[in-house]
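Before any questions on how it binds or moves, here is one chain, the form predicted alone, in structure tokens.
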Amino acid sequence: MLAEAKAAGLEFELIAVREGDKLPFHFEPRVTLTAGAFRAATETVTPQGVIAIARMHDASPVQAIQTARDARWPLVVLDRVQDPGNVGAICRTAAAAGAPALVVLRGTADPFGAKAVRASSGNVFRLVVAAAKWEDLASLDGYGAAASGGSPLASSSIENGGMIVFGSEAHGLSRADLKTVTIPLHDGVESLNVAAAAAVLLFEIKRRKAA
């Protein structure tokens, strides 16, 4: 994750290394902590041997929208996705599929929170990420992912939309006027996890763009 952050140009303010562990690259200033001090400073049960503080440069909604347009990709929008593990997984999938930009709406977990960054394996740093309101996205058409009732995926031109919106698993999308797309599921299966649904839709966009 630190290597991804460094490659993305993040500015490290401090890196702390557990005694006996090594950094993947040279960096000063850094501090070495005893195993006990390192364990006390981390949030995870089984931490890796390095932690860091880095300065983020927040993108604006306008920058995220323009980045997506320049790449001819729908803007990925997270609407009240509260689990940071899901947010991080979607960031990882978006980067893997080639989506360049992502925005988070109010009620969504911080994509730069520790758990989300870990779930993304650092790939969140490959994306242009912005916090936004619906008003910021008023110029975009597009699709929202719905567990049921949407147009079938096969007949939905999701690759041509201005955005693709993924909502809360508990509450769905917070806007009722979006066109929706539904992934067909086997009988008896109610829905997919939001991160799994995002993977299906984003890689379908990638496939159609390569066709």
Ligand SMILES: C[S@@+](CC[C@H](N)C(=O)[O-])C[C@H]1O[C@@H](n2cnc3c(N)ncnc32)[C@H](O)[C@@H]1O
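Note that the structure is a prediction, hence the values are computed from the model and not measured. All residue numbers refer to positions in the sequence shown, first residue = 1.
Just so it is clear, the following notes concern the form predicted in complex with this ligand, a form of the same protein that is not shown.
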Is the gap between V194 and this ligand in the model of the complex 4.5 Å or less for some heavy atom pair?
-> yes
Contact label in the model of the complex: A64 to this ligand, heavy atom within 4.5 Å = no
Is there any non-hydrogen atom of I51 lying within 4.5 Å of this ligand in the model of the complex?
-> no
Give a yes or no for E190: in the model of the complex, does one of its heavy atoms lie within 4.5 Å of a heavy atom belonging to this ligand?
-> yes
Given that the partner is absent here, state which listed stretch (154-162, 64-72, 40-48, 176-184) has heavy atoms within 4.5 Å of this ligand in the model of the complex.
-> 176-184
Taking this ligand as it sits in the model of the complex, which residues of 119-154 have a non-hydrogen atom within 4.5 Å of it? Please list them.
-> A145, A146, A147
